[in-house]
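Presented as structure tokens, the chain that follows is alone, the form predicted alone.
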Amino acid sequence: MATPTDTLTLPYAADFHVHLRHGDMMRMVTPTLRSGGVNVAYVMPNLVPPIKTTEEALRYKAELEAIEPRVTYLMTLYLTPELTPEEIHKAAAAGIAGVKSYPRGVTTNSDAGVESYEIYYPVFEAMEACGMVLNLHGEVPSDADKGVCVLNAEEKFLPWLRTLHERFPRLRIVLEHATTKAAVDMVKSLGDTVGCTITAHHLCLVVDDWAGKPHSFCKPVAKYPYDRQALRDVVKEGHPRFFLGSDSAPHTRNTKECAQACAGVYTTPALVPYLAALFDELNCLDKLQGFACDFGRRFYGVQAGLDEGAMTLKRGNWEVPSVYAAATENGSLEVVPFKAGQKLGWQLQ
């Protein structure tokens, strides 16, 4: 890493949780991976309809490569009852990296999600044998009768993480987009086959920052100040099983600025500058490369993108655009990014 005074030189980052959508939105957001400092993207499968087979994942990958070939796309399948051990072996042979589990109804495009994990044990056994990664959206559905809401849905899920790890100790499991101190503590307590992604926005936000503010509203929601501090502490520590997964999730401006705003924060176009500014504020710029570039690659066993050279960030006073827009056959597509119109202390040269 270069001197942290005026410039910062890093390998390109690896984002181990990103939504690239499909259609016009896919064509608009995929090129911004590189402009945000990323050359490895772990792509989520919750399209409509979801990506459930090897063929569908490979077709989706080909579409993404045609748009931005300088990025390595690691593809995933959506965990549904139709997924079989035979399909897992087929997917692994084709280079599919993992399987994503969404509890039913907890976030965008999760209607086909999981209600109980026991029926998937044969699939998990096949994944363990093939070396595929299980990615867990770590929440349970809200249920007022059981006292479950968005603020404790992650903590209520954590016993499942422990159960799955104990049942499949060789299966690599990633708890996605952690938001609580309880999640940090749980992952730390488990073995080396359990990792955890943390987003740029959850390192910045608490509950007051999204309540009534649709462009900071995501699932899982940001929690309490002590939860945010636990996330910050673990990245400042440089713990090797906690790494970048942006959960960058673009939605059109009109579907965010409405009575029932879609859940998702769009960070892709300035992902590394967001992180550099925050790590600088936290006085831990020396931990940025491990978090954003090294630890995730190491956990997944991929070296993609490390031979490409480096990117350079420059200290400055860069203003995040107020909106990203693209012309389509049906008019203009507009997406408002995280921290729109705010100044960041770092930008990519």
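The numbering used is simple: start at 1 and walk along the sequence shown. What you are looking at is a predicted structure, and each value in this text was computed from that prediction instead of being measured.
From this point on, the text means the form predicted together with another copy of the chain, which you will not see here.
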- Task: Consider S116 of the chain shown here, and say whether it contacts another copy of the chain in the predicted bound form, taking contact as heavy atoms within 4.5 Å.
- Result: no
- Task: Please check if P225 has a heavy atom lying within 4.5 Å of any heavy atom of another copy of the chain in the predicted bound form.
- Result: yes
- Message: Taking any heavy atom pair closer than or equal to 4.5 Å as contact, tell me whether H215 reaches another copy of the chain in the predicted bound form.
- Response: yes
- Task: Look up in the predicted bound form whether E125 has a non-hydrogen atom within 4.5 angstroms of another copy of the chain, and give yes or no.
- Result: no
- Within 4.5 Å of another copy of the chain in the predicted bound form by heavy atoms, the stretch out of 117-125, 148-156, 241-249, 86-94 is 148-156
- Item | Contact residue in the predicted bound form, chosen from L161, V133, A261, L203 - any heavy atom within 4.5 Å of another copy of the chain | A261
